[in-house]
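Starting off, we have a lone chain in the form predicted on its own, written out as structure tokens.
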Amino acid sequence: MSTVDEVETLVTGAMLRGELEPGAWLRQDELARRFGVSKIPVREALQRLAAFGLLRFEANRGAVIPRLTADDAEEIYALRRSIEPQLLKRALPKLSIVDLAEAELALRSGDLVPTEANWSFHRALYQSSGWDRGLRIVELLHAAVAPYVILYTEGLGSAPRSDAEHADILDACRHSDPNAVTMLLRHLDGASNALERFLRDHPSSS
């Protein structure tokens, strides 16, 4: 893994853990000191993430985590709905005991923050799909969606619903039930609809 790849992974991980909130500025010199590298790989890693829409560069100010918008929520969840069901469909007949145990651990572990647990759960169910590129794209989408997950589960009080849906999807996966894919779609649709509706009604809430 190159230094640029390492920095990109570290920044993506911070986003997945919800450590970088919307509106947070990423200073290249600060990140370089934090990661013990020069500013050149930091700049390139941030440019990669900006090209994917996870960051936005502003002249003479640096990179910033975008604020939450209904349009961005619509786009991110549309992309998730396009890719994640395909990953789950391919992975479903190949899920191992280890995959299922990792997914259950993500639901039960109190050591993970909600956004990190959410990605760990979904990744465990997709990683046997054999689509490494698709899994990487989805990881970046989960980094972008992390602030929306926090808003949905905590701000809108939907954590119990989300947890119950995750548990139902996992149970279906244990039984190799193809309905797990439909359940995943409903899960994504529910979050997307609630977030878009809220953000359109409260455009200045984030």
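Residue positions are given as counts along the sequence shown, with the first one as 1. Every value quoted in this text rests on a predicted model; they were computed, and no experiment measured them. For the two forms, the rigid core is made up of the largest set of C-alpha atoms that agree within 1.5 Å on superposition.
Absent from the display: the form predicted in complex with another copy of the chain. The rest refers to it.
- The partner is absent here; in the model of the complex, the one residue of Leu107, Val113, Leu100, Leu79 having a heavy atom within 4.5 Å of another copy of the chain is Leu79.
- Of the heavy atoms in Arg43, some are within 4.5 Å of another copy of the chain in the model of the complex.
- Put simply, Ile137 is close to another copy of the chain in the model of the complex: some heavy atom of it is within 4.5 Å.
- Contact check for Ile150: every heavy atom lies farther than 4.5 Å from another copy of the chain in the model of the complex.
- Mapping the unseen interface onto this chain, Lys89 falls outside it, with no heavy atom inside 4.5 Å of another copy of the chain in the model of the complex.
- For another copy of the chain in the model of the complex, the listed stretch (160 to 168, 173 to 181, 48 to 56, 30 to 38) containing residues with heavy atoms inside 4.5 Å is 48 to 56.
- Site residues Glu19, Leu125 and Asp189 are none of them in contact with another copy of the chain in the model of the complex, judged by any heavy atom within 4.5 Å.
- Core-aligned CA deviation for Ala180 between the shown form and the other one: less than 2 Å.
- The Cα shift for Ile169 between the shown form and the other one, taken after rigid core superposition, is smaller than 2 angstroms.
- Relative to the superposed core, Ala45 undergoes a C-alpha shift of no less than 2 Å between the shown form and the other one.
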